[in-house]
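Consider the single chain below, provided in structure tokens and representing the form predicted alone.
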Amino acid sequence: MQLHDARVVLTGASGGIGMAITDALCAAGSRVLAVARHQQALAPMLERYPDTLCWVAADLTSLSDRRKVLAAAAEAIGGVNLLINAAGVNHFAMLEQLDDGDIDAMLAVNISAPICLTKLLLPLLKQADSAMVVNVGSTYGSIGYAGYASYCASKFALRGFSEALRRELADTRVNVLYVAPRATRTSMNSAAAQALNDALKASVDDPQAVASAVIHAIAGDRRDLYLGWPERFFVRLNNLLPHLVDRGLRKQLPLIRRLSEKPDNESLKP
């Protein structure tokens, strides 16, 4: 896809990865409709790119707000040929520590919203000479990890949705790209989640690095993008020999349980 010709609807635009992708797209000459609940974090970028960036407030779990995004795409950027579903929420906690409301909210934002928004925008996407749907998932969409059971469920679902949608649209001009970042330095991570990453000496990427990789994958018409080594290796290992991964991750359970009970382990939305 030619980025300077892209007319983009990007959800989660005020979050770490979403904001970095927004900046990179605008710098490349794309016209971007940034979808976020609040404008404050996007204000400096809206001033920097007054001719190519606009914003619409939306709660993507609401049908009326999704329709508002559809109308804004038609009016503000003249249609859409690139949809990037980057909005997401996370909560590091053992399953029994979560309220039903936490689980419902995670599933609604992480999987129901992108499915429903994609369905709504597909007629516009199909009108384009070339179009793409980008779903931002996670390494945890391929590896189930203790402390993230509900989050993993939502990202496994998003990966399956991406695969099925790609096959469903195989005879159209709409491609589907699934992106699986590893741990990324954003406000979505609680202090306890960051403490777990530190204790495990896990690599944590900057949002700008993730955004750069996503932009290159879009320009190259890729079908999937898995970031990080050894994370890509563990994804393959988990597919082939899951019992080995089971054994390795079980050793981390005491640490995960202890950190998940910290009082500062609160869910933060991007």
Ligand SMILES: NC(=O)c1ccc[n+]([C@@H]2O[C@H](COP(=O)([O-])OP(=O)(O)OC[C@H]3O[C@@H](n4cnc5c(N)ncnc54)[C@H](OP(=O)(O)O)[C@@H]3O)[C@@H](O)[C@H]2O)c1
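The first residue of the shown sequence is 1; numbering continues from there. The shown structure was predicted, so the numbers you read here are calculated from the model rather than taken from an experiment.
Below, we refer to the form predicted in complex with this ligand, which is not included among the displayed structures.
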{"query": "Full three-residue contact with this ligand in the predicted complex, heavy atom 4.5 Å, for Gly16, Ala86 and Ala183", "finding": "yes"}
{"query": "Option touching this ligand, based on a heavy atom within 4.5 Å in the predicted complex, out of Met188, Ile111, Ile77, Ala131", "finding": "Met188"}
{"query": "Sole residue of Arg67, His216, His38, Arg223 within 4.5 Å of this ligand in the predicted complex, by heavy atom", "finding": "His38"}
{"query": "Interface segment, criterion being heavy atoms within 4.5 Å of this ligand in the predicted complex, picked from 44 to 52, 58 to 66, 25 to 33, 232 to 240", "finding": "58 to 66"}
{"query": "is_contact(Phe161, this ligand) in the predicted complex, heavy atom dist at most 4.5 Å", "finding": "no"}
{"query": "In the predicted complex, Leu82 touching this ligand (heavy atom, 4.5 Å)", "finding": "no"}
{"query": "Sequence-ordered list of residues in 136 to 159 near this ligand in the predicted complex, where near means a heavy atom within 4.5 Å", "finding": "Val136, Gly137, Ser138, Tyr151, Lys155"}
